[in-house]
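Considered here are two forms of the same protein chain, supplied as structure tokens in two stand-alone entries, structure 1 and structure 2.
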Structure 1
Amino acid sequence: MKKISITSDNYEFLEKVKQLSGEPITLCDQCGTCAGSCPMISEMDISPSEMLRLVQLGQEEVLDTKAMWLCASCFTCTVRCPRGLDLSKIAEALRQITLRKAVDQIDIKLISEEELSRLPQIALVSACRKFTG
């Protein structure tokens, strides 16, 4: 297990995510309800609660994980969190930190013509909002 020592950099990152999400992130006490509710959990490398824990500890490496990109913004965790946290906003904050550096997660030009003719508008519009900056 890795030992973590908290520095001012860690606080800075935590503050940034707090600001972007507007959520009192430190309230989470790691009950795991979000992880148990998430429809995408089987695809994720870390669980939503682990993601939150890393943010609490100001670990920027959370940005290298896949969980937030698999989040479907379904708000299931949001309605179930006993501490009233909105994890979907925290995932959005993490996505935004990356997207605002102009690092896109999809290239719509690489989607096959067949898929582009099948997908409904709302799928593309929402995917562009969530995966491109």
Structure 2
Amino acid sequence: MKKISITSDNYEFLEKVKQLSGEPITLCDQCGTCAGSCPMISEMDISPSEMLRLVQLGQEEVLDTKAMWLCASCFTCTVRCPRGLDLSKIAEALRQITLRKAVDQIDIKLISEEELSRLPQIALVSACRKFTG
């Protein structure tokens, strides 16, 4: 089992997520209701409750998981949460933190002229919005 120590960096990450999401993240008592009701759980690499726990502990490696990208924002977890937490807002905050790092996953200059003429323009715009900073 990995030993986790709380540092000022962990606290800053937690506070940033709390500020962006507007959710009282530390209220979660890890009951697992969110994970049990999530329709996307079978596609996620970690459950919604694990995602929330990593955020509570200020563990930035949660940003490397695909769970935040797969959240459908269907609000099933929110409706069923006994604490009334909105995990979709927390997932969105994590996505914003990742996107604000401005790491470009696509270099538009490397796409060939043939591909540019063949690909739908809306797909190119969408990919650039999602995968570039």
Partner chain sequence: MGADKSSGKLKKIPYYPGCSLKTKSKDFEKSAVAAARILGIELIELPKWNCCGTVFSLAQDDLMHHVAPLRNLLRVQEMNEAGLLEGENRLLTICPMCFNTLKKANQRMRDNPADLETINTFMDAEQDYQGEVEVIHLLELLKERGVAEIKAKVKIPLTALKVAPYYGCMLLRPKDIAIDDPEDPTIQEELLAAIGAQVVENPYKKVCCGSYQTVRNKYTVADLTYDILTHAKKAGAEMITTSCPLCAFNLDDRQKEVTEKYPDFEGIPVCCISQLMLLAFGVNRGGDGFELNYVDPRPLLKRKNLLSGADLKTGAK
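All figures in this text were calculated on a predicted structure; none of them were measured in a lab. Throughout, rigid core stands for the largest set of C-alpha atoms superposing within 1.5 Å between the two forms. Residue positions are counted from 1 along structure 1's sequence.
Enquirer: Working through the pair one at a time, identify the form predicted together with the partner chain and give its number.
Expert: Answer to the question: structure 1 is the form predicted together with the partner chain, whereas structure 2 comes from elsewhere.
Enquirer: After superposition on the rigid core, does the Cα atom of E115 shift by at least 2 Å between the two structures?
Expert: It does shift by 2 Å or more.
Enquirer: Once the rigid core is matched, what's the CA displacement of L124 between the two structures in angstrom?
Expert: A shift of 11.2 Å at the C-alpha.
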